[in-house]
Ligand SMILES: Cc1cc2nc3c(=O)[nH]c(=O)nc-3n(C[C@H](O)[C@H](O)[C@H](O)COP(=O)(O)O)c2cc1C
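Just the one chain here, laid out as structure tokens, in the form predicted alone.
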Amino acid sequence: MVKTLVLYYSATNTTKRIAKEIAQKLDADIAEIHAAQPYTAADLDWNDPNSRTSIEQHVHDTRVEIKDDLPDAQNYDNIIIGHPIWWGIPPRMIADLVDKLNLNGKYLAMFATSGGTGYGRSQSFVERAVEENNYDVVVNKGAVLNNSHQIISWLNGLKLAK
């Protein structure tokens, strides 16, 4: 039996809502990604150039460590990762997540929530993290998803293990 895992990070519950809907439609397991050092409201203040996230997102090729509290990816055929878009790319913890998952032989799909940014730079960010780990993985085209219609359309276009 094919198994799917939806992993997501959500600072405002927007990505969580989309992740839950995707997991329900795919009858998938779901788990939240947590930063090893949790974010405070001040850390998330994108208007403050000295906030933690403002600084992290502008330091290229860095990783933000995640907690080691996720299900074992080896038990799944399909991995779907959801995240917000911060400064045009996923939070830096998504690269640490890709580093820690063994994606060999998996089908990977990513989605994001965003108020106005497309998925192009996020796709490149995740693909680069996958390449750095030399994974043999099918990487699907990601998308920004904000409603049920977009979710269904995106899911119908994915190449996943069946």
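None of the values given here were measured: they were computed from a predicted structure. Note that residue numbering follows the sequence shown and begins at 1.
Not on display, but discussed next: the form predicted in complex with the ligand.
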item	value
Candidate stretches 41-49, 64-72, 130-138, 99-107, one within 4.5 Å of the ligand in the predicted complex by heavy atom	41-49
Exercise: Ser122 in contact with the ligand in the predicted complex, heavy atom 4.5 Å	no
Ser148, heavy atom within 4.5 angstroms of the ligand in the predicted complex	no
The ligand contact at Tyr76 in the predicted complex, heavy atom, 4.5 Å	no
is_contact(Thr12, the ligand) in the predicted complex, heavy atom dist at most 4.5 Å	yes
Contacts with the ligand in the predicted complex - residues in 55-92 whose heavy atoms fall within 4.5 Å	Pro84, Ile85, Trp86, Trp87, Gly88
